[in-house]
Every structure is written in C-alpha cells, then in structure tokens.
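Have a look below at one chain only, the form predicted on its own, in structure tokens format.
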Amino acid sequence: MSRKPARIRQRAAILLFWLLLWQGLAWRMGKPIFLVGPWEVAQALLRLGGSPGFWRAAFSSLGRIGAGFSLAFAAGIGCGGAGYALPWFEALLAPVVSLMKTVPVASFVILALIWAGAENLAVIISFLVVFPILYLNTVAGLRSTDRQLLEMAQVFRVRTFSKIWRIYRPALAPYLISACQVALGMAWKSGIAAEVIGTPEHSIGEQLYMAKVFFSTDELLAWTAVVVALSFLFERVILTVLKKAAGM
C-alpha cells in the first residue's frame, strides 16, 4: 500500500516538470501563433467548455469513434473465431486483412469520403484500423489454447459453451486486452484525422480544422487535450470491463 502514494507523487512530479518546461518554452518563444503554454490552453478550455457546441462536438466524436471501435471489436472476435475454426475462412480473409494493415489511412479516408460522406467517415475509418488488430490477436489467442485441456474436454464431452468460457476465454483474454491497448489509441488517432479531413458538422475534427484556419493555437491545443482525455477515459472503461470479464 505504501508504494501507491509514492508512485502518485512521482507521476505528479513528472507531469509538473513537463508542464513547466512547456510553459517556459512558450514564454521564451513569445509567439502565441506558434506555441502557447498550458496556462493559455487551460483558459481556452474553460472558454470553450462554456458553450453547448463544445459538448455536442465532444460527444458526437466520442459516439462515432466508439461505434467504429465497437463494430470492429465484435467483427474482429467473430471473424477471428471463424478463422480459427475454419482454415479456408482465414485464407479467404488474409488478403483483405493484409490490405487493411498496409494501405495508408489517408487513402481509406478519401475513398470512404467519396462512398459514404463525411458524417460516417470516423466510424468507417476507426473500424478499418481496429479490425485487423483484433482479428489477428483473436486468432493468435485461440491458437494458444492448451491442447491438453481441449483433449480432456473432448474426452469428458464438455459442452461447447463451457469449453468456450472455461478454456478458450482465459487463453484469449491476454491477447485481447493487449490488442485493445493498441487499438483504442489507433481508433482515436485515425477517427479524429478522418474528421479533420471530412469536417463533419458538430465534431472535434471540424473544431480542429477551424482552429487551424483561424490560427487559434490555444484552441487547437485545447481540443487536442480533449481528444487525449476522451481517449484515456474510453480506454480505461473498455480495459476495466474486459479485465473483469476475463477474471483478471
């Protein structure tokens, strides 16, 4: 128990160091159009937070990116399970997954913007970025299952649901949690980038684009801080739910 307060103090000291360094650099530069300090960013956050449009943009982007991640999570586990059980299905998906991993996000953004418009752009891009990560880790996790346990379950004729819950779930859980730690950040990065390009109404991406147009560096960094905070909270919630479901 004594280690936890010490760890908190250490993290607070590190955070304070970087904030002071950032503020010092902003003062030293003396050009707000290029760099503003955390104090100016905090003021911009307070100013923006008082407007209804701020919360509408934040929750709209959260909904879009959350939807894209949720769809990719369900599809990744479902297709990963099918790929594990059916080798021909894994071979069928291999070229598609390879394309998703290698094609630049900008190319996907432009194509999705043409096909689906700006409103659903973040959902599609988040899905395309997250799906390969979860799919590949699901297949790898299922393949790591202890063969002796599977043979024992077959001998004793364990029911399919019990086999999934008691044997496959513990083997899959570490791979899934590790995949989500990477995929959640990627979902936010790609989703916000897609919004900046597509600029759908009432979105963080639109606000970032407008801050760039008007050279509002304080608002640009304030919205960036909002993205970081939302990404962090979203990740904490998802990982906590997964760890509880996995019994970790």
Partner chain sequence: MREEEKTEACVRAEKALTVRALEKSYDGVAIFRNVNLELYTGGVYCLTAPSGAGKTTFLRLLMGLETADSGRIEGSAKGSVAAVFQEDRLCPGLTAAENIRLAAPRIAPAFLRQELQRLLPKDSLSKPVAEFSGGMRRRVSLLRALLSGGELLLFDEPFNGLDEEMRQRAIEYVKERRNDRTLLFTTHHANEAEALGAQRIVWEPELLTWRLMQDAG
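Numbering follows the first chain given and starts at 1. The model shown is predicted, which means the values in this text are computed figures rather than measured ones.
There is another form of this protein, the form predicted together with its partner chain, and it is not shown here; the text below is about that form.
When its partner chain is considered in the model of the complex, residue 102 lies well away from it, no heavy atom lying within 4.5 Å. Put simply, residue 167 is close to its partner chain in the model of the complex: some heavy atom of it is within 4.5 Å. Mapping the unseen interface onto this chain, residue 119 falls outside it, with no heavy atom inside 4.5 Å of its partner chain in the model of the complex.
Contact check for residue 149: a non-hydrogen atom falls within 4.5 Å of its partner chain in the model of the complex. Exactly one of the stretches 120-128, 151-159, 91-99, 75-83 approaches its partner chain in the model of the complex with heavy atoms within 4.5 Å, and it is 151-159. Heavy atoms closer than or equal to 4.5 Å to its partner chain in the model of the complex belong, across 57-74, to no residue whatsoever.
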